[in-house]
Every structure is written in structure tokens, then in C-alpha cells.
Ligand SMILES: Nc1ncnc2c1ncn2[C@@H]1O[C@H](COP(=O)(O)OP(=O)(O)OP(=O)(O)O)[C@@H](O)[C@H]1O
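The chain below stands alone and is given as C-alpha cells, in the form predicted on its own.
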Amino acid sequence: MKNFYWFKQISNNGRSGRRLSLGEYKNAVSWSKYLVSSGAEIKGEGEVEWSADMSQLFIGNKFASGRHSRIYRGIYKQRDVAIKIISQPEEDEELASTLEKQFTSEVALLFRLSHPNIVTFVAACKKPPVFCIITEYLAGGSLRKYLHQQEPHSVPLELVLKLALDIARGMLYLHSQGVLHRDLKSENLLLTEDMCVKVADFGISCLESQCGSAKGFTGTYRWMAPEMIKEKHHTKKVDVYSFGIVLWELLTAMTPFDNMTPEQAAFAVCQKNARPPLPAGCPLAFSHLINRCWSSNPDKRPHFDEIVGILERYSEWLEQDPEFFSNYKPSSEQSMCCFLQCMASVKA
């Protein structure tokens, strides 16, 4: 745990039990002026305070970074946490305002969410020009990192099904709360040590009632629905499209459109209706669902309640028939439902 001590020690009048490296010292000095404080109050609906007690926070090593944020591992009140630090650029007032709004929105959304497949919010601190969001730390890292450690097309179908069901359940809950994620991708899906998936990173999420067009929107092209790329009005179905891409990632352990730049991928999706190629041996059970999810027509994409239902049936059928993925045909789905219903009635 020694990696988490240096920040706390440098904040105590510079006294330290060990000699800091030059990099650690500069890092501590540059961030401590913002973070060593009681934290500013962040108030939301009902005047609820979400402020972190920064005296209880130990910041350790950085393990991820984004365009305007850095993510560190740390300890908060003796709990392993991830610390997302967002810095506002002082030279760009418009961008600073946008980042502040995104921070406020993300904290407000995280604070109200509670589900086994959604990352758990712990606390937050707002002290311009630096904002801090503290969430649970997930030791398994991102789904993207895990997949990139696998050989292409090597993830067992049973695991693909389990991970997909975790994601779909998290997204079903999110949509039931009226929230659009808008940046669903493997990098924003985190794994516990026992391979449970949790949806994370709500920096560009929004309430459905407050989402307008995608004009000026900054998502991730490889996973982005065509209507968002075109900056048109969008609904919850943009997350369903992204889920289709994620399901493709699970099956292939590859990056979508990896032979294109993000801009080329966006053009191909919008102008040529391109999609990542499904593997030759892709089970019909998955290819049928993926093609529905990433349909160019949002109205033809299923809602997450249907997706969860489909995946749960797949899981049941797999228990009944270990060769389910080889035997499945879309036309057989109704007969399989009837079979399971009959089995359930017999057991009753």
C-alpha cells in the first residue's frame, strides 16, 4: 500500500517518511494545491451534499487518462477507489464551461444510480479549476484491456453470453432511470475480479428528457450510432447500436474498424452502411441479435428489456443443451420458449 502514502505525506508540510522521486514531487506539488482541502460543497436535488472529505483521500498511481482527465487508483476512508480528476483549461473558457457542465451532470447521474452492473459512486469534490469524482475501484480493469489480452475469436461463447448479459442488465437499469449513456464501449465497461461487468464513465451521458441533437457532440466514432454521427436527434436506441458493436467485440476480441481512422469509420457507417465484419463461425444466436442492434433504422433496434430477455433465454437454453449455439436457428426460438414453459409447468 506504500504507493498511496506519498500524496498524504507531501501534504503534511512536506514531511515524508521516504525520499520522493522528482516525478512524484512535481506531481504532488502540482495537484496538492487543488486537492488538499475540505472540498467545496456540491449540491443537487434536495440540497444533498456529495462533497468528499479530501483529508481521507490517498492518491496513488495513474492508470488511465482521457482528453481532459486522469484516473488514479487510491484509498478513500480505507476503501479502494478510482479517482477521476478533470482539469479545466484556463485559456479556453468555452471548453472549461463545457467540462464543468459535464462534471456536474456526471455526478448528479452517478449519485442517483444503484445497480450491481453500474459502477458505484463514492464522493466528489468541486474546486475549480480541478474537479474530482471518486468511484469504487474495479481490479479487473476495462473490458477493452481484457479483450486485447486474448487471441482473436478466442473468448468462450459461455463467457461472451455472461458478459453481454451483465452489460445489457446495466443498460436496462440505466434506461429505466431515463438515462442515455451515449458512449457505451469496451473501454467504459469495467470488470470485477470475478468477471462481472459494470458500466462506467457517464461524462457525456444525459437524461432522455434533456437530450437534444448531437450537434457538437464528442463521442467515439467506432461505437457511435449513425444518427449521432450525423448530429441528428437521438434516443435510447443509440446505446443499443453501441451494444451491438460491443457484442461484436466480445465475439472477436478485436477493435471495430481497426483498418480505418475514426473519421473513415464514421464515413463508412453513415455513407456506406458499413459494419465490422462478423466472424465466419459466428453463432446465429449472436449474429441475429447483433444485426438487429446495429440496424441503421433506430426503430428496428430492440429495447434493452427485449435484449435482456433474449440473452436470459439463451442462458436457459444453454443449460438445457450444451450444443445450443450450434443448434440454434432464429425460427426455432418460439418453439424453444414453448418447450421451456412446458418444462416449468411439469416441474411445478
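None of these values were measured; they are calculated from a predicted model. Residue indices: 1-based, along the sequence shown.
FYI, the form predicted together with this ligand isn't displayed, but the following is about it.
*Asks:* When the site C-alphas are superposed and this ligand is set in place as seen in the predicted complex, is this chain open or blocked (3 or more ligand atoms within 2.4 angstroms of backbone or C-beta)?
*Replies:* By the 2.4 Å criterion, open.
*Asks:* Is residue 281 near this ligand? Define near as a heavy atom within 4.5 Å, in the predicted complex.
*Replies:* So residue 281 does not count as contacting this ligand.
*Asks:* Considering only heavy atoms, tell me if residue 172 and this ligand come within 4.5 Å of each other in the predicted complex.
*Replies:* Answer no; every heavy atom of residue 172 is more than 4.5 Å from this ligand in the predicted complex.
*Asks:* Does residue 234 reach this ligand in the predicted complex if we count a contact as any heavy atom within 4.5 Å?
*Replies:* Residue 234 lies outside the contact set for this ligand.
*Asks:* Residue 138: heavy atom within 4.5 Å of this ligand in the predicted complex?
*Replies:* Residue-level check for residue 138: yes, a contact with this ligand.
*Asks:* Since exactly one of 71, 211, 75, 270 fits, which has a heavy atom within 4.5 Å of this ligand in the predicted complex?
*Replies:* Checking each option against this ligand in the predicted complex, the one that comes within 4.5 Å is 71.
*Asks:* Which residue among 65, 296, 320, 55 has a heavy atom within 4.5 angstroms of this ligand in the predicted complex?
*Replies:* Looking at 65, 296, 320, 55 one by one, just 65 meets the 4.5 Å heavy-atom criterion.
*Asks:* Go through 152-160, 89-97, 185-193, 242-250 and give me the stretch that gets within 4.5 Å of this ligand in the predicted complex, heavy atoms only.
*Replies:* Flagged stretch: 185-193.
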